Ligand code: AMP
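First, one chain by itself in structure tokens, the form predicted on its own.
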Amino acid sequence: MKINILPAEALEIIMGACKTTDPVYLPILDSLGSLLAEDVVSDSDLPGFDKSPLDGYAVRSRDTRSASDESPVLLQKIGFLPAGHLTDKVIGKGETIRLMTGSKIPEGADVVIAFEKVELIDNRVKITRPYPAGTNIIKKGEDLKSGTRVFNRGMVLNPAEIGILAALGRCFIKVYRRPRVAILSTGDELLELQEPLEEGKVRNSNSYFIFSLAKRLGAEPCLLGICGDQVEAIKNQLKPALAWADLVITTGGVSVGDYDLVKDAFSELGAEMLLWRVKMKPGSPMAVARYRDKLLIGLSGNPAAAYITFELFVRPVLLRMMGRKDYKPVEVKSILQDGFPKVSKNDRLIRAKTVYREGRFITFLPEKHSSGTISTLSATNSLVQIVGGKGPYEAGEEVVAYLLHL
């Protein structure tokens, strides 16, 4: 077990111990946000026929060659073709068929003239300019040819991709399974949300916080509730979860006090301890263990510390499990709008709000930075690195900001 190590080394150890979930087939409507576990190849042309992109008239280009304002051409309307219907009529010399958007181009036609560009006179269409062949026609396979690779394995499925899969007739798609996450908060001081608040007690906000962070990333979290400060009680809560969860997250009980027993519970469950404590603030008291092919990560009970360590260490794990390779947050250089007076031996990461204005990133710091403060977590979208041994930082100085939730 590594003890009191640098964040970069901790992340390397953690990522080396996690694996991608097994692929599963899901209905495409359930696959939003998932990562493809297969290449997607079109098995047909898209569209599958020449079609009209607008309401108008299908004509032969040769019939429009002499058309002008002074000498218009009149074409006889011989039919009407709504989208989704077919016709056996063939457009001959001097003839036209009225089309709707999406209609298949009738045989004989090679031009569609927009409805508003012509004038209908006694069932004849007046044309006042020539149109070259191919005008306003979407060709068969113009969007996608049969055999074209549409998506590569590893691509995230967003709404546009879902729509394209539907156009290809794919009802199911192979994706990496969403990791199942068990969440337990430990501490004799904790109360469930519905319980009356007692003196010396606090409500279990961490579980709901961690649950929401995991769910936003696409995982399937499950709350195990709260547990008192006893090794056996912690073990009894975690043991059943290890039968189904890919990742177990606990909050509280990972420091150096008499009641910080999570790492002991991990060990007694048969898990191999990988690391304990990281050289950073807040969130130093973190414990990580491996149970077979599952990870157990114990985070601090302080809300801000749990948030920061989740974003730095748990977020990458969940993304990797879902097949993502770009699991690190986006790193930018930003200008501080507020000073930061504290100086610490180790690197410090503080929550912040970073925006892009007038060609540069600007970062605003909350008034309160304590690891136990929960109110200033709202509206934050980044973490700012305060380098150990440096500072204090003044407003206007350049810092490194890690952008989250992109």
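Each residue number is its position in the shown sequence, starting from 1. Just so we're clear, the structure is a prediction, and the values are computed from it rather than from any experiment.
Just so you know, the form predicted in complex with the named molecule exists too; it's not on screen, but the next bit is about it.
Asks: Select, from the options 202-210, 76-84, 315-323, 160-168, the stretch whose residues sit within 4.5 angstroms of the named molecule in the model of the complex by heavy atom distance.
Replies: The contacting stretch here is 202-210.
Asks: Would you please decide whether residue 190 lies within 4.5 angstroms of the named molecule in the model of the complex, comparing each non-hydrogen atom pair?
Replies: Residue 190 belongs to the contact set for the named molecule.
Asks: Is there a non-hydrogen atom of residue 303 within 4.5 angstroms of a non-hydrogen atom of the named molecule in the model of the complex?
Replies: Contact check for residue 303: yes, within 4.5 Å of the named molecule in the model of the complex.
Asks: Report yes if any heavy atom of residue 103 sits within 4.5 Å of a heavy atom of the named molecule in the model of the complex; otherwise report no.
Replies: Outside the cut-off, so no.
Asks: I'd like to check something about residue 298: if you look in the model of the complex, is any of its heavy atoms closer than or equal to 4.5 Å to a heavy atom of the named molecule?
Replies: Residue 298 lies outside the contact set for the named molecule.
Asks: Considering 309, 185, 96, 334, which brings a non-hydrogen atom within 4.5 Å of the named molecule in the model of the complex?
Replies: Looking at 309, 185, 96, 334 one by one, just 185 meets the 4.5 Å heavy-atom criterion.
Asks: Where, within 235-254, is there a heavy atom within 4.5 Å of the named molecule in the model of the complex? Residue list please.
Replies: Sequence-ordered list: 251, 252, 253.
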